[in-house]
Every structure is written in structure tokens, then in C-alpha cells.
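First, one chain by itself in C-alpha cells, the form predicted on its own.
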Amino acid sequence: MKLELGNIFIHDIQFDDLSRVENGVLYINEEELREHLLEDENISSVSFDIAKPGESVRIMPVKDVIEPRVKVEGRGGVFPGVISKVDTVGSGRTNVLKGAAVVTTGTIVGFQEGIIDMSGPGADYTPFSKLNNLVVICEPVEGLKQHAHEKAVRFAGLKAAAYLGRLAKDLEADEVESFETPSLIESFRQYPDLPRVAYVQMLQTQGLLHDTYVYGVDMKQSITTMLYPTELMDGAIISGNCVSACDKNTTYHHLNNPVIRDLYARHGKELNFVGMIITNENVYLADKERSSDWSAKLAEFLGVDGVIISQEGFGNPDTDLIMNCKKIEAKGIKTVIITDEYAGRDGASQSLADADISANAVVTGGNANMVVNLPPMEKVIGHVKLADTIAGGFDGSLQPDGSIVVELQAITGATNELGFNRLSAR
């Protein structure tokens, strides 16, 4: 399967009477987009703001981050099973508004939501400080239950991203990237002497606002399966969870998964990237055993020499991570795991809740318990008082001068377990 991404570089966002993309500027008609999002009866109000790199702006609590994309050629549409019909995606041409993003915020849904600072020390910990962000502030109708609230905000962000993406449908791309995964037989023929490598992506599916959706299906209802990596680039997987902000995979992370990009970059040179396996992170032991058994079985079926495994979340999912690792290693397949650490503020505690001798090749995204001081910003988009209650915050996190003392856990993407961050250790 082959997918081309047509990147249209966005260096500014402005509100205007006509929504369009012109000379690298994304213009947005606020009222038109607001009417589109208010079609959801569960949302009482929608407002918009803009946050640009380097500005003294803080966004919180952040629900999701989404990159605007649109199908130009090929089957299906972006975010299939949610915004578009349920067609298999991952082929043809998709245009991307590169450098722009939709960020959703508003009244908090679950306490594990985070902070994006556009400048200052906090900006160094999140990749989203480097983007031109349209912030969508959604407030629910009175009395709306948490799960319905989460769904309403999730859909609002996806609808906003799809709306912006459609503005690029007929534009000529500034850059075209090409990604292709051949059939298993063809991949053997092309690179018989290169080590065969697969990617196992663990998806957060613990329920209670900890969900991830694949083609619109809650992944905890599915068994471990295989996807073409290019399907992610068309939005086959979307975030629907409120796990700790530091290691949550937003929809933007799925669309731009760096593990997949790095494996494609080395494909045909250092290794033979044969494809990917997606598996869930359920709560009960029987479900964990089933899913990890299937991960190992599929890795063996693909005939690979090595596997990269990425985790999402911490604590309970550490068990899934180690199960996947040791069972795949038991098949004679080398593994590298990507995780982060909750090692205490002094870094002296056990980093993971589970361990095994087979987990001897580890990439870490950093210690989520490390404490940082975020200075006050001139402008806050959202609700700053939630600093004391979000995961990573505590009573007294919000200082009288507007600064916030929190663990990295509270910063969106700070210790991301796809390696989509700037922290690691050797």
C-alpha cells in the first residue's frame, strides 16, 4: 500500500471573513466554523483563539491535538468511521496543513489533561509549542455526563480539523512525501538480506475515559491485529483518552508517529520494515494474556527478526508492555521497548511497575515525576485554576503570581512514549 502526503506549510493563522489557505497563511471564518460545531446538541458554546510559537500563552486543560488533513486521491477520507465513511485508508494522496493544529480545551473532562505553553521553559517540553494552533474552547450543556462530554469534545476537534483540511483539497503541495509497504512476499523478494522488523503499537484502552478508536471502534473491544502503517497517516487511529498528558498519544501523535517514520526512512537501507501490529492495554489479566499472546503470535507469523514496542500510559499498562516484550522475545525475536518513567521526584524509585530480564533494550522518554516551574503567561486560554487538580499538579500548584509548579506529567507530550519529545537517557 502506497500513500503520498502533500505537505502545505502553514506559518500563520488568522481570523477572516473567508476560510482559505493563501501564501502559507490559514484564514478561518469563526462564525462558519462555530455553526458547524454547534450542530452537536451536547455543546452549549464554542469559541476560538489562536496560539502561535513564542507567544506568552498557556493552553489548559488540553483534551486533544489534531493535524488538519484531507484526502485528495484514493479511497476513503480522513478519520474513517468517525468523520468519514468506514473505508480502508492509507493509499492515494492526502494533503496536510503542516505547521498547523487544532487544540481542544474547555471545562475539564478527566483530571488527566494537560498544559501547553507557547513560550518559556514549558514550551521546551511539548512539541505543540512549535505549531500554529487554532484552539477550540468547547463548553458542554449543563448536566452532561463525562463520557458524553468527552465524545462531544473529541468530535468537535476532529470536525474542526476536517473543516480546515478541506481548505487544502485543491492546493498544490509545497512538498510530497511517499510511504509504501509492499506485501509480505514482495518484501521478502526486495530485501532478502536485510533484517525484517515490525512495529507493535500498544493503544490505551483501559476504559473510564481511557480509550483509543480504530476506524471508529473502541480498541478494547478488538483483538490484536495488523494495519498498514500508512493507515495511521490517514487517521485510522484517533485519541479518545484522558491519560496523563505527558505520555498520552494525541491524534496528532498517531498521524505523525515517529517510530513509523523512522522505520520507513531506514527501510531498504538498514532494515526491511514489514508492517505493524496494534494491540490494546486492557485492565483484566485474562485480557492482557490474550492480547500479548496474539502480539507474539503475529510477530512470529510475520517472520521478523526484530520488533519495536511502544507503550501508552503507565502503571497498569507496564504489565502489558513487559508481557509483549517477554513473549515476543521467547519466539526468538529481538525487542526494543519504548516507555517513560515514574521514578519519583528524586528519580530514585522503580521506574516501571513491572520488569523482566528480557527487557534489556529500552528507550525512555524521561521521568514524568520531575518537577518544573512554569512562569506566568500574559494570556491563558481555558481554565488555569485546574492546575491544582490535574494529574501532575497538587494543592498549591497555582502560585499567586500565575506561575505553576507541576510535575512533567502535566505537560502535554513531555515524556511521550513514541519518542515524540526531547527527553531521553542512555
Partner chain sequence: MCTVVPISLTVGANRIVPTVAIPHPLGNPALPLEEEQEIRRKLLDKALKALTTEVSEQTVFE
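The model shown is predicted, which means the values in this text are computed figures rather than measured ones. Positions refer to the first chain, counted from 1.
Another form exists, predicted together with the partner chain; not displayed. Remarks below refer to it.
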| message | Check residue 96 for me: does it contact the partner chain in the predicted bound form (non-hydrogen atoms, 4.5 angstroms)? | response | no
| If you check in the predicted bound form, is residue 315 within 4.5 Å of the partner chain, heavy atoms only? | yes
| Does any heavy atom of residue 226 come within 4.5 Å of a heavy atom of the partner chain in the predicted bound form? | no
| Using heavy atoms and a 4.5 Å limit, would one call residue 173 a contact residue for the partner chain in the predicted bound form? | no
| query | Taking the partner chain in the predicted bound form as the reference, which of 353, 184, 141, 72 has a non-hydrogen atom within 4.5 Å? | reply | 353
| note | Interface check vs the partner chain in the predicted bound form: of 217, 86, 285, 330, the one with a heavy atom inside 4.5 Å is 285
| Which of these stretches, 319-327, 164-172, 87-95, 226-234, has heavy atoms within 4.5 Å of the partner chain in the predicted bound form? | 319-327
